[in-house]
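Okay, here we've got a single chain as structure tokens, the form predicted alone, with questions on binding and movement later.
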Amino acid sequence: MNVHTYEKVWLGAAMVLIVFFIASVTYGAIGAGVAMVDDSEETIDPDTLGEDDRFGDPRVEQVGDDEYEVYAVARTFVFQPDPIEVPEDSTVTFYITSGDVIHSFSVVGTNANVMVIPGEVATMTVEVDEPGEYGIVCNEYCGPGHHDMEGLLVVQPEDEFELEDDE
């Protein structure tokens, strides 16, 4: 059987691409230490969020010097609390869950982005350095009002920040 020279070239190029693809996936999974998505997030019953100590009253808590925790809930077309207010030059850990459908919690203009799944508590830690207002949007289609689902992260100058106390 006689194989044309161009067919041999294209067959060789395809084989090289296949080997390159397999090698890059292997390197990404093993060599670079890229963590794959797993199912190790904390779970919670989405039907009882109102009774949960953390998510029954979504809020910001100070847990250390320049360290804050935000307990947030994404529900169809709203984020709670809104706005979220934190001081500049602090580390903020977000604990976010959903009471209804899949959402995302994305801070516009940053790389802070997490998928919010009913029954799971998503965790994300970010450092907020620059004062300003940052939009929060949902990047997962969650229904006909999805385009209106937005919130606000307000990073205040340290000398102007005062944590609201509900007690």
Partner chain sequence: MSAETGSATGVASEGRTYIDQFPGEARLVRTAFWSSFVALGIGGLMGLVQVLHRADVLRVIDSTDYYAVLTLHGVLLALTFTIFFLVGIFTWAITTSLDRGLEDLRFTWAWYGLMAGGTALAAIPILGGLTDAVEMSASVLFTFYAPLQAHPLFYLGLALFVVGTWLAGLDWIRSYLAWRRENPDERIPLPTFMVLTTLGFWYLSSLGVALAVVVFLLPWSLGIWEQVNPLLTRTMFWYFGHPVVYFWLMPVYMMWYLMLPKVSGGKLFSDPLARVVFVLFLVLSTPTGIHHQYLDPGIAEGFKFIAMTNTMFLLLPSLLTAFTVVASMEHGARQRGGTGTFGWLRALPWRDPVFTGMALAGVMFAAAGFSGMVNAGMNINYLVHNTFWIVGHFHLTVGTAVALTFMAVTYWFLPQVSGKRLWNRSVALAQVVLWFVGMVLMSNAMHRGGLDSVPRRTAEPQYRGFEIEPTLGTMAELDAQIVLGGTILFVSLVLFLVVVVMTGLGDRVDDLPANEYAETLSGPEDAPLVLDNLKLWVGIAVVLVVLAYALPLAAIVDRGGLFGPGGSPFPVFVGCLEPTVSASVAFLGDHLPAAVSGWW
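Here the structure is a predicted model, which means the values were calculated and not measured. In this text, rigid core is short for the largest set of C-alphas that superpose within 1.5 Å between two forms. Positions refer to the first chain, counted from 1.
One more form of this protein should be noted, the form predicted together with the partner chain, which is absent from this view; the next part is about it.
Worksheet entry | 4.5 angstroms heavy atom contact with the partner chain in the predicted bound form for Gly28 | Contact with the partner chain, yes.
Practice prompt. Answer with yes or no whether Asp148 is in contact with the partner chain in the predicted bound form, where contact means some heavy atom within 4.5 Å.
Written response: Taking the distances in the predicted bound form, the answer for Asp148 is yes, it comes within 4.5 Å of the partner chain.
Discussion item. So in the predicted bound form, is the partner chain close enough to Pro157 to count as touching (4.5 Å, heavy atoms)?
Written reply: The answer is no: Pro157 has no heavy atom within 4.5 Å of the partner chain.
Discussion item. Since only the chain is shown here, I'm wondering whether Glu69 would be in contact with the partner chain in the predicted bound form (any heavy atom pair within 4.5 Å).
Written reply: No, Glu69 sits far enough from the partner chain in the predicted bound form that none of its heavy atoms falls within 4.5 Å.
Practice prompt. Can you tell me which bits of 105-137 touch the partner chain in the predicted bound form, meaning any heavy atom within 4.5 Å?
Written response: Contacting residues: Val107, Val108, Gly109, Thr110, Asn111, Asn113, Val114, Met115, Ile117, Pro118, Gly119, Glu120, Val121, Ala122, Gly135, Ile136, Val137.
Item to complete: Could you check whether the CA atom of Asn111 moves 2 Å or more between the shown form and the other one, using the rigid core for the fit?
Response: Not so; Asn111 is displaced by less than 2 Å.
Worksheet item: Hey, does Val154 budge by 2 Å or more at the Cα between the shown form and the other one once the core is superposed?
Response: Where the cores coincide, Val154 shows only a C-alpha shift between the shown form and the other one that is less than 2 Å.
Practice prompt. Tell me, please, whether between the shown form and the other one the C-alpha of Pro144 is shifted by 2 Å or more, with the rigid core used for superposition.
Written response: It does not reach a 2 Å shift.
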